[in-house]
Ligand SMILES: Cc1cc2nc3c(=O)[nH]c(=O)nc-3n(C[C@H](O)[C@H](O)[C@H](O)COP(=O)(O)OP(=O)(O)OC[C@H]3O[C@@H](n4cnc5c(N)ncnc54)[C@H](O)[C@@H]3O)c2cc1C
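Next up: just one chain, as structure tokens, the form predicted alone.
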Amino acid sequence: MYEHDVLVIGGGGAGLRAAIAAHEEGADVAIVTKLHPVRSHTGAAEGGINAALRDADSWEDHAYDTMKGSDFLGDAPAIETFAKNAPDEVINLEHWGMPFSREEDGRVSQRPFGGLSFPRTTYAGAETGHHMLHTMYEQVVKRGIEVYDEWYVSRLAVTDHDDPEDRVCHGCVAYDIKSGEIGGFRATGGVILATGGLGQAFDHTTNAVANTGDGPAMAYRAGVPVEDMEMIQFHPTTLPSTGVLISEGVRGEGGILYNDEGERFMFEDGYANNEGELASRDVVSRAELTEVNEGNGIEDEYVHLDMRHLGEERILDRLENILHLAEDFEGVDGLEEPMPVKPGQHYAMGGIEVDENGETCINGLYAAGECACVSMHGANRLGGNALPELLVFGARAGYHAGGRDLGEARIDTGPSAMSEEEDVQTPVSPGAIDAGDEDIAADGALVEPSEVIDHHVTAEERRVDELLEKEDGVNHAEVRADVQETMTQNVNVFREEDNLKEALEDLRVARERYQDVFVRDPSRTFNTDLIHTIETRNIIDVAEAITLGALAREEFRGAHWRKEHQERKDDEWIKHTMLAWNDGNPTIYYKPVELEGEDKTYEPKERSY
């Protein structure tokens, strides 16, 4: 058994920042990650880091922009905590050597981004996430923080009390990809989930192959509610053939969207009369797809993003890697011709329910970054708000797990925060195939930390043995492909009740087929087929949670568009959609959105750009 004060699961932006913070508190901290940290998906973030740095800007304006962008589904304590702390985190990065782009006077550059009332997006060319990841990894190495590289965490070691709020997380179980060892990891202070996104639930996504929703799925099955899972962001500018992201920085610098008629449709067709291409992402994505659906798309699939007028010098200085992406994946020279773009799955606003200190309702278990929902993004995340979220809430989770007193959280968590229950009529029963839950025994017998960890190690060894010893069955890739196809077809930008129910039926079939999966590769070392098979179970769980939330929320808010419900219903739906695994029988309930800030109450208003 491996033992540390704090365990961080995931080595991306949130994980690295959490580990550094815990180390600063004097904790013995280790990172357990299925990827080498600098290969984490944070490195693919292109656009920038929002922070109120200029005298003419303020954290209050940043907070309001974020709340408005969330379509008033964000929680004020989280948003204000974020906006206040983002400047210090950016300055901290600069002190660590982050190579920010700069103005001629030496100040860090800031550019406009969608939904912002001030150009507060700092950046490092169009490779901001890459530079941020390397800057923080340097700090991890400098501090001697141990990294268990290519260890895949597949199970949380949680006690089995009936009430999730009585449970304690003592560590995790991980599979060493290099040796095949299944090891137990004990954390005496806390476990921080920082596993990133869940984009592999869709087949057209900007997310890396490793983004399989591991953190939300593990926490969900362990008893932590997941929050607002229906809120999925579709980025308006991805390359049609691959889903590769084209940064919002292109539009921030002045890039223009055209349809097949050569119209600058964001303005000319009234989608965003004031902000045009710099409206929030949900608005631009819906506008693009509406143009395509009305016959104004190019090749009936995409629109054009044009940056030629910016000039070669400016493009090479600020957006050079965009030229390489367009050339490599679409054969387009962005200096000479417009780039084809269309919406693609990009980000999960929802995730593991946490408070502003990163704590879940299970004692000793934290979450930060995209896998978590604090909730500051609500129904729609503003571009440039993801990277500072990693920094602010990764740091807070690390500090708190490391022993720092951050004060009492204002955001309530766990089933006790429920304000009302929901009984959604579904065409099939969601959740586990068999009654009960293999992850939690639910008889209250497991309490002592080493016994809890040993129990979960034994259970994981049994699962891996069964997968490797089975000689025939269904290949996980077939099941995964079916899940991705139905999610992209039925739970995309535009959602309809019949399609959502069809997706639930398809997901039930996928779950049933998954019972018969086997691993073709019988080896114990570098067995990526085994890892992908385990990941596919997580994909099924998060896909079903997304779809259940989408079916339950009968309104149009932010990224969640429902054909049958074409208005925002503030009287009914300023509340978070919560989903609890409930030992394999998912239940939906709600809790209130906290709109009361430190000095003001955020009043929902019409969201126009």
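The numbering used is simple: start at 1 and walk along the sequence shown. Every value quoted in this text rests on a predicted model; they were computed, and no experiment measured them.
Here the subject shifts to the form predicted in complex with the named molecule, a form of this protein not shown in this document.
- This chain is displayed alone, yet in the model of the complex one of F234, F72, Y220, W151 has a heavy atom within 4.5 Å of the named molecule; that residue is W151.
- Contact annotation: of the candidates Q200, N385, N259, S375, the single residue with a non-hydrogen atom within 4.5 angstroms of the named molecule in the model of the complex is N385.
- Only one of 292 to 300, 476 to 484, 493 to 501, 207 to 215 places residue heavy atoms within 4.5 angstroms of the named molecule in the model of the complex, namely 207 to 215.
- Against the named molecule in the model of the complex, the set D65, L278 and S280 makes no contact: no member has a heavy atom within 4.5 Å.
- Under a 4.5 angstroms non-hydrogen atom cutoff, the named molecule in the model of the complex lacks T577 among its neighbouring residues.
- With a 4.5 Å cutoff on heavy atoms, E353 does not count as touching the named molecule in the model of the complex; it lies far away.
- Residue contact check for L35: one or more of its heavy atoms lie within 4.5 Å of the named molecule in the model of the complex.
- By the criterion of a heavy atom within 4.5 Å, G47 is counted among the residues contacting the named molecule in the model of the complex.
- Shown without its partner, the chain has I9, G10, G11, G12, G13, A14, G15 in segment 1 to 26 as residues with a non-hydrogen atom within 4.5 angstroms of the named molecule in the model of the complex.
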